[in-house]
Ligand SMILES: C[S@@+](CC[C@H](N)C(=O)[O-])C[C@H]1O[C@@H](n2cnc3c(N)ncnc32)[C@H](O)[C@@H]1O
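Given next, in structure tokens, is a single chain: the form predicted alone.
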Amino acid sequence: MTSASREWDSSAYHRLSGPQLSWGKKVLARVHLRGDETLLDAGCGSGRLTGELLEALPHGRVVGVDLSQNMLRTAREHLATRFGDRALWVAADLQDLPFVRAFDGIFSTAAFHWVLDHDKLFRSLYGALRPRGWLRAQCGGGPNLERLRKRTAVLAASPKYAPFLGGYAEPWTYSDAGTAAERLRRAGFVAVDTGLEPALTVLEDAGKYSEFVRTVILHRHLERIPDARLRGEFLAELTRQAAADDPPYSLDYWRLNLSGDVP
């Protein structure tokens, strides 16, 4: 993986990631905390959910891990003053975490689908947890963004974009609930529970839709198109098609909930 493909426009993501924040808050509401745990926020992004975790841990600590230096920088900027050394930031691959039995729990939202090898991911997470530790997570799964993905594939294969995107494999793993449960159990987790839920998201207008898709969903595709004009035309065509959806400018998100414990 190149350094460019690890990076995000973290300032824009922080501003645009309202849907991810709302989903994450619902996951956090299902987590029962004493308030003194040491937790890992796996794929912390710009730190919006990390801050929520820290609020729920008045005597605890959170280590935020992300592959993107930009994301970690933005998270640090927003949270350092409020939480000081109770928040630590580490650049690392979730498939190869530099921790052994270090955490009471692992929390993650909107991150695991960016990891292609989920068997390796879950083994890495399991190894970072202490005995009786837990994993509570949510990511994209099942038919997540199916409509947009089909349109993107058709457009990518057209003569105009095929030189840049022809044969490009999707950068996501969208697992179904049953497969995810099997992988968690293979990694060693017990009391495994998985499930899919729809999360239809509607953007206000063409501009909001285009910016969201560019920043949050298709940035890996777009960085392969070297010409700014072509990138703009690619997004404009997808936005034009989305205008005809019911409701317009909607994204058919599906969330995969994941839960497992360490014996």
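The first residue of the sequence shown is number 1, and the count goes up from there. Note that the structure is a prediction, hence the values are computed from the model and not measured.
Below, we refer to the form predicted in complex with the named molecule, which is not included among the displayed structures.
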> Which of these stretches, 52 to 60, 227 to 235, 36 to 44, 200 to 208, has heavy atoms within 4.5 Å of the named molecule in the model of the complex?
Replying inline: 36 to 44
> Is Asp119 close enough to the named molecule in the model of the complex to count, meaning some heavy atom within 4.5 Å?
Replying inline: no
>> Please determine whether Tyr13 contacts the named molecule in the model of the complex, using a 4.5 Å cut-off between heavy atoms.
In response: yes
> If you check in the model of the complex, is Ser175 within 4.5 Å of the named molecule, heavy atoms only?
Replying inline: no
> Hey, in the model of the complex, is Ser68 touching the named molecule, heavy atoms inside 4.5 Å?
Replying inline: yes
> Using a 4.5 Å cut on heavy atoms, which of Ala87, Leu135, Ala110, Ala180 is close to the named molecule in the model of the complex?
Replying inline: Ala110
> Which of Ala92, Ala102, Ala153, Ala162 has a heavy atom within 4.5 Å of the named molecule in the model of the complex?
Replying inline: Ala92
